[in-house]
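Single chain ahead, by itself, as structure tokens, in the form predicted alone.
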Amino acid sequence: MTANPPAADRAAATFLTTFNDSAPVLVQAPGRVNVIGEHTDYNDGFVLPIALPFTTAIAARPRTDGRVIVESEGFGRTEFRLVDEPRATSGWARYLHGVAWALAEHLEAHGAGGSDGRVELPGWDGAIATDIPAGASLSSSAAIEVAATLLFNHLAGSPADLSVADLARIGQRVENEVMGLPSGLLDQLASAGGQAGHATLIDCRDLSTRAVPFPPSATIVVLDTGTRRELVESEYADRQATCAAAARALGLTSLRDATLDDLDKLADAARHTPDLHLDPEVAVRRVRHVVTENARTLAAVEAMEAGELGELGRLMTASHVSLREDYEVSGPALDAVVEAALECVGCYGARMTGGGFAGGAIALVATDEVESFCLDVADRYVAPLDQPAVAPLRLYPTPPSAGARIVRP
């Protein structure tokens, strides 16, 4: 069977077919998967993602009329005017329009505007293609945000040398203020700053990063259950609000500084301060997850650097238990696929990944056992009747890959 061409090649081909010309600019950004460190990013904690070999690519040429016209490989054509309100743009194009708004505000704040201080970004004709399975907790939205930010900035003559942190903050503003999801910076930081052969330890308080060599004797396998959820309609915002209220109850800026010794204090504050609107037992479970997950993430870095795959796998599995029991963001399909993976030869550990409730999990697998592992887990996994899937189980071995870049010129 012939392999599907890379997303960048398909975007360029779609542009040629659609606009009868070659695209002078081509950018791409990868999806990401989080090895460990889940729901810690918006608590100023630690996360440890890898960038994926799956990318979203945009082929484009500039326009002079302030319009953006894009042909998407999977979602058809969209068109909008940059002068319009981005929240009024419908569908997936809102990500592109939101990026233009957030980037323009970033450039204006950093003195890159004209004599009136304003920045007017150019429109463009474009074609988009992606290899990232949508809804599988692999950050397809972050990839399009980062790629679009690189593109708009390049077409504007690169008025700012955007750092990895800048790219992440712009994408986060799109998620928070345009799409309505109160997410952290993990996805965009991983997409923008990934390094081939490495995981990236991210300190979400100061946005500093450190590349951590990933042991070549192990491979992360993504386990896409085919179940899907919309985070905006889920309990994601509730988890974030609970964490913020718990931090206030403890007198902390964020749960990054919380310890297990604070749990009794938190329970007491929740019981005696009705204005906090905190259920004591729930609040303790949520904070316990954040505190222990931060510790697991730092321990995972040490295990990864020492090549201690058994310990790394143990930490990943412990993360899943915490996410299931304390943070309560797992789901029937995620639990079932993790259980199936842990029964397979060559699997060191497994956990759900991403926002939770549905979507994908990951397994740490001995590299020389990946092929047999994939066959075995597919045979063992039984989709739960109480959580229907939109697609069958799909398995993706995913070596750590490079972050976003301008492919040409």
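From a predicted model like this one, the values you see are computed outputs, not experimental measurements. All residue numbers are counted from 1 along the displayed sequence.
The next section is about a form of this same protein that is not shown, the form predicted together with a small molecule.
Annotation: in the model of the complex, residues Phe54, Asp224 and Thr398 none come within 4.5 Å of the small molecule through any heavy atom.
Of the candidates Pro384, Gly346, Pro62, Gly355, Gly355 is the one whose heavy atoms come within 4.5 Å of the small molecule in the model of the complex; the others do not. In summary, among the residues Gly123, Gly313, Gly193, Gly184, the only one with a non-hydrogen atom within 4.5 Å of the small molecule in the model of the complex is Gly184.
Stretch 185-193 is the answer when you ask which of 211-219, 257-265, 70-78, 185-193 has residues with heavy atoms within 4.5 Å of the small molecule in the model of the complex. Taking the partner from elsewhere, Tyr236 is found to have a heavy atom lying within 4.5 Å of the small molecule in the model of the complex.
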